[in-house]
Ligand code: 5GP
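Take a look at this single chain in structure tokens; it is the form predicted on its own.
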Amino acid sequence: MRRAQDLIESSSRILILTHKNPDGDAVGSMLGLAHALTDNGKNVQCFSKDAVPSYFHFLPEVSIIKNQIPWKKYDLIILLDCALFKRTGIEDINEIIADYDKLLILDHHPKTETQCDTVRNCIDIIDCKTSSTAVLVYNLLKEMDISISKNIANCLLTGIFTDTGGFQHNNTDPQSLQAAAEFMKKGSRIEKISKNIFSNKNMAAIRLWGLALSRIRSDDHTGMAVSYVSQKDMEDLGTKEEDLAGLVNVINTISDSKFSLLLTESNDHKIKGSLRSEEYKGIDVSRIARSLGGGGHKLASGFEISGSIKESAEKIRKALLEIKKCDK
């Protein structure tokens, strides 16, 4: 953390990146850090390849997150909630940014490799035991003795709240609750965050959920509860992928399943898979995700593959059976 502080303090132009399809931890961590650094005189730019989901638009100054990178040179790049440039959706960072001197990575996902493997002046702070990247940002701000404003508190509490499933997942630890308590003292309200993220769905989104829930099937061989949503479903109902947020967790509540899988067909002919499980079920869904080119946590992971929903379901089933065979 002290070396990270030195990198930031010695930099003027700073670019913050996060992974494509940003979630609450990515958005909250990025905005919280951007507010803190801007308040302390830094010139900060934020980039996300994909648009910020509308249910995060209540966060302060969310419009500072752009899908274009304005400058060619930065003193420092900060990579949040992922550890590789390719996770941002940027194929070649050097084509967009001509020059940068330093790289800082803050992430809480398990990693076998990071961008520090290829960048000389790089520091990576990766702690997979931490509930969220927002907690790592909070720890960094404390190290830098930066005062937590209400805006920073709202952003970072959103990151913790979403990655702990509203403080219901088993990654909810004392450190997360202590940080949340401080954010609430600064004026951030959990009920406001919860309402905007979980209780603000329109009629079309509810109908989409109903369609997906009606399609749930169980696989006795793998213990999987699975459903899907096609691009046509979303077009017919006038909905977006972001309207599916939280649905896979509902599917995961089926009592006799080992884990849940939601397949979503995107408009670029890809199939996105979201996996969830619970500690007591004894399934590490990150193994499944990795076998399909994705990744994530033991109880919450994802992947993206090419093909139709039917073809993808068969690929996934074969991968599951192979994992089960190896376990024997």
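None of the values given here were measured: they were computed from a predicted structure. Residue indices: 1-based, along the sequence shown.
One more form of this protein exists, namely the form predicted together with guanosine-5'-monophosphate; it is left out here, but the text below deals with it.
Partner contact for S301 in the predicted complex: guanosine-5'-monophosphate, 4.5 angstroms, heavy atom | Yes, S301 is a contact residue.
Does G295 make contact with guanosine-5'-monophosphate in the predicted complex, using a 4.5 Å heavy atom cut-off?
-> Judged by the heavy-atom cut-off of 4.5 Å, G295 is in contact with guanosine-5'-monophosphate in the predicted complex.
Would you please decide whether K186 lies within 4.5 angstroms of guanosine-5'-monophosphate in the predicted complex, comparing each non-hydrogen atom pair?
-> Output for K186 is no: heavy atoms all beyond 4.5 Å of guanosine-5'-monophosphate.
So in the predicted complex, does K201 come within 4.5 Å of guanosine-5'-monophosphate, heavy atom to heavy atom?
-> Looking in the predicted complex, residue contacts with guanosine-5'-monophosphate do not include K201, since no heavy atom lies within 4.5 Å.
For the spot marked by R3, K42 and K102, is every residue within 4.5 Å of guanosine-5'-monophosphate in the predicted complex through some heavy atom?
-> So, no: the whole triplet misses guanosine-5'-monophosphate.
Could you work out which of H109, K240, R207, K258 is the residue within 4.5 angstroms of guanosine-5'-monophosphate in the predicted complex, going by heavy atoms?
-> Comparing distances to guanosine-5'-monophosphate in the predicted complex, the residue within 4.5 Å is H109.
Tell me which of 27-35, 44-52, 64-72, 270-278 has residues with heavy atoms within 4.5 angstroms of guanosine-5'-monophosphate in the predicted complex?
-> Answer to the contact question: 270-278.
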